[in-house]
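One chain comes next, on its own, written out as structure tokens in the form predicted alone.
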């Protein structure tokens, strides 16, 4: 898991970290049961306050994306697969809206876009 903090971002550091870990979980980069770095280790790696990483983990736990086990650490939750699927679908829809807007800027018809997506989908199916 790679987390990049931007000092130029308008988002607070904890939000940047939170969004990146959330995205890693929702995208499937981090799998159910996978252990996350300890709060102290993550704060050391990112050179941020322990309070910042603790806040991130607490928020992820509230969202039921991670589970905290006393003495063991924090793990990606496996209990909420429907929620994770729903969130991944939401991300997919956002990307699709971007594609639709871009296709309109290119004066593509709906059918042209569908044909293009179908072609790309079929190419991805080919081994």
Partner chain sequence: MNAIELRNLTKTYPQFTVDNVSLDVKKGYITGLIGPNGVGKSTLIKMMLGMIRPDSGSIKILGRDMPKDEVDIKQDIGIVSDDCFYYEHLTIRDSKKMIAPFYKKWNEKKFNRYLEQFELSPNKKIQDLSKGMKVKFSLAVALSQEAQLLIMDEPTSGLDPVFRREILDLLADIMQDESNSILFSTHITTDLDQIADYIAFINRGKLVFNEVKDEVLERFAIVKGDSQLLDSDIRKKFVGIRETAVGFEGMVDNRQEAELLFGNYVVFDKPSLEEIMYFTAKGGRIHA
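Numbering follows the first chain given and starts at 1. All of these numbers come straight from a predicted model, not from anything done at the bench.
Missing here is the form predicted in complex with its partner chain; even so, the following discussion is about that form.
- For the residues 51, 89, 96, 32, the 4.5 Å heavy atom test against its partner chain in the predicted bound form is passed only by 51.
- Heavy atoms of residue 111 never reach within 4.5 Å of its partner chain in the predicted bound form, leaving it off the interface.
- Within 4.5 Å of any heavy atom of its partner chain in the predicted bound form lies no heavy atom of residue 64.
- Of the heavy atoms in residue 115, none are within 4.5 Å of its partner chain in the predicted bound form.
- Within 4.5 Å of any heavy atom of its partner chain in the predicted bound form lies no heavy atom of residue 85.
- Contacts between stretch 86-117 and its partner chain, counted in the predicted bound form as any heavy atom lying within 4.5 Å, involve no residue at all.
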